[in-house]
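Just one chain is shown here, as structure tokens, and it is the form predicted alone.
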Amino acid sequence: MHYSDLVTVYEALEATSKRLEKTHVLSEFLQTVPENELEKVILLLRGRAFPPWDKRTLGFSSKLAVKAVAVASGESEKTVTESWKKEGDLGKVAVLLVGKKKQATLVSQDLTVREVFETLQKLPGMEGLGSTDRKTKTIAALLGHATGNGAMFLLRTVLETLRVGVADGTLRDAITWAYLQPQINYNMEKNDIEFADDSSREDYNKLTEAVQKAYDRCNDFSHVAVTAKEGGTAALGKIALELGTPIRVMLAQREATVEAGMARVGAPAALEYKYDGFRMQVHKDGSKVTIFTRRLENVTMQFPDVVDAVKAHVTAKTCLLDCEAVGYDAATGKYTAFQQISQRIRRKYDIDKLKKKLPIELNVFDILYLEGEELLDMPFSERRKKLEKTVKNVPKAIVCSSYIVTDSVAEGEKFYKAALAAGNEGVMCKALDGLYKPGSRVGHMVKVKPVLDTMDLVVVAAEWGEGKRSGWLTSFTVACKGDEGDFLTIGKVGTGLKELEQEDGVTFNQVTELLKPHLLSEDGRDVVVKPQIVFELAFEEIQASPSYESGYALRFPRVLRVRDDRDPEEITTLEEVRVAYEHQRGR
């Protein structure tokens, strides 16, 4: 398959914001993709060379991209950079400059999808002396052979900033339309789905659910698409969890009070402490224990103490546990804030020294797999019973989360106050019959925290500081997650960060160093940033605002911390902003 065929689809997806139209474009295209190309195409549609659980990155910076465009076009890096500032999009610059060279040399050779995909997969393995030069020449060669807007989309893929609006739900539905033959008709004029009757609507929902369940278990749409094309729903039903391959964690919605939380999930409700730690997904397969963060990063090496605790105090031979790792002071035994222990996630040296300095207790709150049996579709109350039989509580090592079941709001309030007094963030309210939905922000699990509002938002732009803050990025544009999986700006923040390293909290210098590898472009003091670094922000109020893409702005925001454990895909959604705004107006 020619890469230009994929580029045509990119262009069509970029040209519309309508979710159903995107689904139609994708489904029509997927039906034309040969089976041996399908896995590659699905990943490239998401701007990836590897599945989400494979944390290899292409490692291609904007600086290298400028060099690659210069090599491919025969222009100087200075010319490329100046054109970039003028156009505002390095991909468009590549199309203009590389295209000009082609016209002069009359050389044209269309790339294939296989060639692009296999080349991208080789990039992470290019290491050592001369690797930068090899990477640059490799991508320059691809750019030189790309036709039409191919160079633009290729460069966006290499920089991991493709974003043509292919959200999870859109791709799920496109796979359903393309391969499972639902009895529906897409009305392009009305941009709506037409069903023959209620029965066809129910059948369609079952088909999309089959695709969703398969994805929930393997976390790889490329595998799901190939399976659906080859064997339909019967084959999809055979896709199962695999120990050692992480799944996306289930996410909670938010309520302002315990009463509202219990009302949302239903009474009686389960209440648990909401710990101020970081999420851990622990896979035990015999003597092998593997640990993943909520970002699906393998951090087993960084937490030998957790491995030892699981081996010693988890009775099951095989299981998958959903947990929160909470730090505590070795001298006093008191729990410490997330920021104190977050450095353990990144540390790869002096592990033994750090685990003594920053010990953690693993609080286990769910079990998703046990002795060969998947538990995702089992009610939470039943999963909890199995969990309590599987984990031996050893305080300051591994314990089941603090937990009550009640239909009394007064008892729930008492439990909430006890959670806060113990140094926790609040409580979780869970429906006893709730199923586990990987990656979903479900209504049958809600978090209740103190009234100070916070949001997790991703940095998409910044400004270089002046005067005593020269050399630091100091003003940060942040974004929430839009309805189509895109990032929509919601405000700027510059307060909450510290200037001096010895002060408590995150410093401007630390944030600058975190953002530097993700800079996409600079224009004077203004910087565009690849959406990778997540801030937790406090704010006073949400205001309607036409100044930002979300339609909202945060009043008096300040940075509370950097969420090292939070993936950009898991940040606060536009829907959550809307709900919070309406709730605020109704107070």
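Just count from 1 along the sequence shown to find any residue number. Remember, predicted model here, so these are calculated numbers, not experimental data. Between two forms, the rigid core is the largest collection of C-alphas that superpose within 1.5 Å.
Although it is not shown, the form predicted together with adenosine monophosphate (AMP) is what the next lines describe.
Applying a 4.5 Å heavy atom distance criterion, does residue 430 contact adenosine monophosphate (AMP) in the model of the complex?
Because a heavy atom of residue 430 falls inside 4.5 Å of adenosine monophosphate (AMP) in the model of the complex, the answer is yes.
Using a 4.5 angstroms cut-off on non-hydrogen atoms, would residue 24 count as touching adenosine monophosphate (AMP) in the model of the complex?
No - in the model of the complex, heavy atoms of residue 24 and adenosine monophosphate (AMP) never come within 4.5 Å of each other.
Although the partner isn't part of this model, could you tell me whether residue 19 comes within 4.5 Å of adenosine monophosphate (AMP) in the model of the complex, counting any heavy atom of the residue?
Although adenosine monophosphate (AMP) is absent here, residue 19 would stay clear of it in the model of the complex, with no heavy atoms inside 4.5 Å.
Test of understanding: in the model of the complex, would residue 84 fall inside 4.5 Å of adenosine monophosphate (AMP) by heavy atoms?
Contact with adenosine monophosphate (AMP), no.
With the partner absent here, would 324, 365 and 445 each sit within 4.5 Å of adenosine monophosphate (AMP) in the model of the complex, counting heavy atoms only?
Every listed residue reaches adenosine monophosphate (AMP) in the model of the complex, so yes.
Spot the stretch among 330 to 338, 272 to 280, 160 to 168, 220 to 228 with residues whose non-hydrogen atoms come within 4.5 Å of adenosine monophosphate (AMP) in the model of the complex.
Selected range: 272 to 280.
Just give me the single entry in 344, 172, 441, 92 that has a non-hydrogen atom within 4.5 angstroms of adenosine monophosphate (AMP) in the model of the complex.
Filtering the options by heavy-atom distance leaves 441.
By the heavy atom within 4.5 Å rule, which residue out of 383, 449, 145, 213 makes contact with adenosine monophosphate (AMP) in the model of the complex?
It is 449.
Residue by residue through 283 to 311, which ones have a non-hydrogen atom no more than 4.5 angstroms from adenosine monophosphate (AMP) in the model of the complex?
Sequence-ordered list has one entry, 294.
Hey, does residue 21 budge by 2 Å or more at the Cα between the shown form and the other one once the core is superposed?
Not so; residue 21 is displaced by less than 2 Å.
Quick check: residue 571 between the shown form and the other one - does its CA shift reach 2 Å or more after fitting the rigid core?
Yes; that C-alpha moves by at least 2 Å between the shown form and the other one.
Against the rigid core, is the Cα displacement of residue 561 between the shown form and the other one at least 2 Å?
Yes; that C-alpha moves by at least 2 Å between the shown form and the other one.
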